[in-house]
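This document starts with one chain, in the form predicted alone, laid out as C-alpha cells.
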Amino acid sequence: MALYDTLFSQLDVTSSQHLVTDSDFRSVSFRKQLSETVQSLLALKVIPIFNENDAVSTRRAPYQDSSGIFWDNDSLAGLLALELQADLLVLLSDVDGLYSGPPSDPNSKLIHTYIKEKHQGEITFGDKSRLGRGGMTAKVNAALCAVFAGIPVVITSGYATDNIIKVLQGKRIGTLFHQDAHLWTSVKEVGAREMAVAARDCSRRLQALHSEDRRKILLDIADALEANESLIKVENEADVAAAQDAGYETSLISRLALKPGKIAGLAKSIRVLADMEEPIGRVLKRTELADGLILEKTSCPLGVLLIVFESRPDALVQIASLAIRSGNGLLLKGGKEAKRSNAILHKVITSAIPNNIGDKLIGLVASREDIPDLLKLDDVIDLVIPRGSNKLVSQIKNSTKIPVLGHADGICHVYVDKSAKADMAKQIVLDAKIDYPAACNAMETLLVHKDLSNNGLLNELIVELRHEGVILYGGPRASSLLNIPEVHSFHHEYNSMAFTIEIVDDVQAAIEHIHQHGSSHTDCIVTENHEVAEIFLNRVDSAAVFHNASTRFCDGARFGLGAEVGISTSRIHARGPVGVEGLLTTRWILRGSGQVVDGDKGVIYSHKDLPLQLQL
C-alpha cells in the first residue's frame, strides 16, 4: 500500500485499502454498501484497492482452498467487477496474455480473442504462476465468470509500459474475453503461425513444379494485372485521396500513387523475370569426393519470406513475382495508407496461382498487430525484409531472432571532383536529385571539391538546382560560402526536393565524409581522373559505388535483375539490389554407390573438381 500511495500521489490521486473476506459477501447489506462506497471514493478521486483480510479469514488453506466465494485475487477481481457492474475488467499477468500452451513452448501462440467453443478444448495450461496464487487458470475462470454477466475482460502483461492505457484505447494487446466474441469470427481467423506454415507448404509444392510451369504462373500474373488495371486504379486513387485528406507527406503520397503506365511497366518486368534463366536447382559446383562419390552444390529457395513495407503498392507486385520465381513462400504486410491498393493487387496475383499450388503461397497480413506474432516464428519464417523508415527497420531488428535483410537509410552522395566535366556533373547531379526525390537511391548529399567554388561550376550547379525548385542546406563550409541555412545533421534523408551540400578538400576527404555520415547505400563520383575514380570506387564501403553515373541506377530492374525486394546495406548474404539470387541459398546433394565412412579406412579422397552439368 505504501507503493500504491507513492505512485498514485504523483498523479494527485489518493489510494485506500479495503480488506474483505468471503463472509462479507454473504451479507446483502454489505454488498450494497460496497457499491456505494466505491462510487463515493471514485468521486473524491480516491482509488480503492481490495485485498483479502488474511488476518481474520476462515479459509482452511489460504493458498490452496478454492471452496469459498472467492479464493485468490483473480476471482476477487471478477467478483468485484460483477458487484460494481464494471464496464471493463483488466487482469494483469506476467505474460502477454492467454497462450494456447505454456508461454515457454515455442509452438504456443497468443490468443487475441478467446472463443469458448473454439479454445476451451485446445488450451494446455502450464504450471502455476510464480506470482500470486492461481496463475493463468484462475484468470481465465475469473474472466469467464465476468463475461457471462456481460462484462468484457482483457488479460494482458503488467510489465509492459502503458498496457492499461493501450487497452482503454482499444489497442489489440493481450487476450480479449467478450460474450459476443463468437459472433465476430464467423469467418475462420487465420493465425500468424497457420499463415506462415501454409506459405511454406505451398512453396514446397511450387518448387516441385517444372521450370516452365513456374514461368507460366508469372506470365499469367502479368496478364491478370493488365486485365484488371482499371479496377486497381480505382482502389489506388481511393488510397491516394484518403492519404491527402489525412495530411500525409508529399513524398509518401508520391510513393503511394500508381502513376499512368505503372501497371504496364510492372507487367513487363514480370515477363522479363519469367524469361530469365531458371534459378532453382542450378548446379553451382560439382566435386568428386572419391571414386563413385559425387557432391553437388545447388541453388535452392530460402523458404518463407516476411516483407514489411510502407507506402509503395508496386513493391507488393515486385516482391510477389520475385518470390514465385525463386520458389519462396511469402507473407506481406503493407502500410495502412495503401490498404485498398494492396488488397486488390494481392487478390489479382493470387487468383492467377493454380489450385495445385494454392493461393496461400502469398499471404497478406491484415493487421499491424499480427507483426509481433510473426516475428516470433523463427522456426517457420526464414528471412524478414523491412522496406521503410529507419524506425521501422530498427524496431523489427530489435524484435526478432529471424535474420533481417535491408537498409534503414538511403543517404546517397554524389562527389564532384575538380576534374569533372561541367555538363556531365550538372546532368548527373540533377538526375540523382530530381528524377524521383522520394526514392532511396536519390542523392541526399552533394560533395564538391573546393577548387570548384572558384571556377564557377559550383554556382552553375546551384543555379540549375534552384531553377528546378530544389531547396539547399549546407554543411559548415558550404553554408558560410553560399549563404544558405546550415544543416543540423549530415545523416539526414530528405526524400523530397531538398538536399545538403558541402565543400571538401579532395577525394580522400569525400570518402571520409561518406564513411562518417553515409548509410552504405549508393555513392557516386563524377571525375575525368581515372586514378581518382579508382580510389573512390575501391575505398568507399557502400553496397553500390558509381563512376560518372547517377545514383538512380541502383535498382533491381535497371541492374537487369527483373525486380527487387529491396536494397540491402548489410554485409551478409546479399548486398545492393536484392533480386532472385538474393532470395536463394544453397544445399548439398551427394550421390554414391554404397560407400560408408568406417573411420575413413576404405575411402581414398580425390576432391576433384568436375565440369558443371545443368540440371533439367
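All residue numbers are counted from 1 along the displayed sequence. Here the structure is a predicted model, which is why all the values come from computation and not from measurement.
Below, we refer to the form predicted in complex with a further copy of the same chain, which is not included among the displayed structures.
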{"item": "Contact segment among 459 to 467, 389 to 397, 499 to 507, 138 to 146, judged by heavy atoms lying within 4.5 Å of a further copy of the same chain in the predicted complex", "value": "389 to 397"}
{"item": "Interface membership of Pro301, a further copy of the same chain in the predicted complex, 4.5 Å heavy atom rule", "value": "yes"}
{"item": "Non-hydrogen atom contact Leu561 with a further copy of the same chain in the predicted complex at 4.5 angstroms", "value": "yes"}
{"item": "Distance check, Pro577 to a further copy of the same chain in the predicted complex, heavy atom within 4.5 Å", "value": "yes"}
{"item": "Partner contact for His491 in the predicted complex: a further copy of the same chain, 4.5 angstroms, heavy atom", "value": "yes"}
{"item": "Phe309, Tyr415, Phe546, Phe177 - the one with a heavy atom within 4.5 Å of a further copy of the same chain in the predicted complex", "value": "Phe546"}
{"item": "Option touching a further copy of the same chain, based on a heavy atom within 4.5 Å in the predicted complex, out of Thr585, Asn53, Ser27, Ser35", "value": "Thr585"}
{"item": "Heavy atom within 4.5 Å of a further copy of the same chain in the predicted complex - qualifying residues of 508 to 540", "value": "His515, Glu534, Leu537, Asn538, Arg539, Val540"}
